[in-house]
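As a starting point, one isolated chain is supplied in structure tokens, in the form predicted alone.
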Amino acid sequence: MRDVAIIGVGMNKWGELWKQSIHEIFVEAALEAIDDAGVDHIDSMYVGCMSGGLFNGQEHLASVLADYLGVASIPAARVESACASGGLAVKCGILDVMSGASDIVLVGGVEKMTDVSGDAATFALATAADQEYEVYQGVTFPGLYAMMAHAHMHKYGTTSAQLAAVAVKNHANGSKNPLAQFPQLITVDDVLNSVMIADPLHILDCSPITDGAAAAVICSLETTKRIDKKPIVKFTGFGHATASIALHSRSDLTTLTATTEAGNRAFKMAGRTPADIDVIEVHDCFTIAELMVLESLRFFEPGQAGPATEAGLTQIDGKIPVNASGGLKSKGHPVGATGVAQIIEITKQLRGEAGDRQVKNARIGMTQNMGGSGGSTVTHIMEVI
């Protein structure tokens, strides 16, 4: 099996992109990644997209996007795993290169979520939950994560102020990211006084509805060494796992078993532990999610991620910088693109190209991209060589 490196990244500014189609925003990010890589062709393509049909009335995205990109003859596939679709597209591309079937692969993600009403977007997102036992009963994702938050609060004493600290930290990071959807600074009081969406989650505890795309070019390490002049970022480990979608099927609402398993697999493949990671991008679709992910990946003991965040340990200059990009909370969350954007942020951090949000001496990075309320997770570990 061949080693795989990332040689090009591209991402547009995320937000409400009224004047662009889903095809246009994907092509914009893809061309930027190809230009950054300095390659004159790609052998295959994988695109993460959760629900182009419900958001845009467009399925068969692999063919459509390859055509609009001008590479219609190559093998292309659309990948879906709810909000983990982008991360899974990256994994598929890595396996393609590792196997030798392709040498240069474009991995991307895209979602255009504002072409429909808020109610329609809520319906589309709810398809990532258990339809018969959760959605039919009227529960939404804020409701599901609110139940998880209440369980965490009851078991560990986690507070609303600790949840708010996640949002405050991520907005501070996002204020340094020119591509972020909501780069404004906020305070703990702003979060606690914002509209309650699903107790205990306020609107500023929730990631937004977003349009956006992200893309990366990956290839064999041998090819990278031949053509890439930038610091080489290599994939050293990845993990992928699933778990029960419905909350009632879980033995413990305060942990994410798919995240733990995907993390363990990535750590084992890379020969690393949480203590080795210099910077991590995690799936903070809600503030409680960031805390639970950090505990499930063993960066903190159960119940300790809240106090650690409140104490500043997850800030850019802290013990383990988390979501230097601003995370889903500030950068935005076009669900199919999120996992690829995490890869882009870690690439920039390891190259030393993250500007004002650069983590000092970052050499090893990790991403964690999660579907639904934790029913699927994809992790990647990347190192600069």
Partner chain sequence: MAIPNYWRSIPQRYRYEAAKCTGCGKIFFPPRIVCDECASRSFETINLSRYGKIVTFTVIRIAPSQFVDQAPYPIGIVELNDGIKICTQIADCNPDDLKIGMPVRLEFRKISQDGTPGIIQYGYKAVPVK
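Just so it is clear, the structure is predicted and the values come from calculations on it, not from any experiment. Residue numbers count along the first chain shown, from 1.
Quick note: we don't show the form predicted together with the partner chain, though the next part is all about it.
J.: Is it true that Ile42, Ile218 and Lys225 each have at least one non-hydrogen atom within 4.5 Å of the partner chain in the model of the complex?
T.: No, because Ile42, Ile218 and Lys225 lack any heavy atom that approaches the partner chain to within 4.5 Å in the model of the complex.
J.: Mark Glu301 yes when one of its heavy atoms lies within 4.5 Å of a heavy atom of the partner chain in the model of the complex, and no otherwise.
T.: So Glu301 does not count as contacting the partner chain.
J.: Test of understanding: in the model of the complex, would Gln137 fall inside 4.5 Å of the partner chain by heavy atoms?
T.: Output for Gln137 is yes: heavy atoms within 4.5 Å of the partner chain.
J.: Can you tell me whether Val168 touches the partner chain? I mean in the model of the complex, with a 4.5 angstroms heavy atom cut-off.
T.: Because no heavy atom of Val168 falls inside 4.5 Å of the partner chain in the model of the complex, the answer is no.
J.: Look up in the model of the complex whether Lys230 has a non-hydrogen atom within 4.5 angstroms of the partner chain, and give yes or no.
T.: Lys230: no contact with the partner chain in the model of the complex.
J.: The chain here is shown without the partner chain. Which stretch in 175 to 183, 280 to 288, 303 to 311, 192 to 200 comes within 4.5 angstroms of it in the model of the complex, by heavy atom distance?
T.: Among the listed stretches, the partner-contacting one is 192 to 200.
J.: So the partner chain isn't shown here. In the model of the complex, which residue out of Gly143, Pro274, Gly237, Pro208 has a non-hydrogen atom within 4.5 Å of it?
T.: Only one option qualifies, and that one is Gly143.
J.: Of the residues Met269, Met147, Val188, Ala121, which one places a heavy atom within 4.5 Å of the partner chain in the model of the complex?
T.: The residue in contact is Met147.
J.: For the stretch 235 to 265, I need every residue with any heavy atom inside 4.5 Å of the partner chain in the model of the complex, listed N to C.
T.: Residues within 4.5 Å: Leu247, His248, Arg250, Ser251, Leu253.
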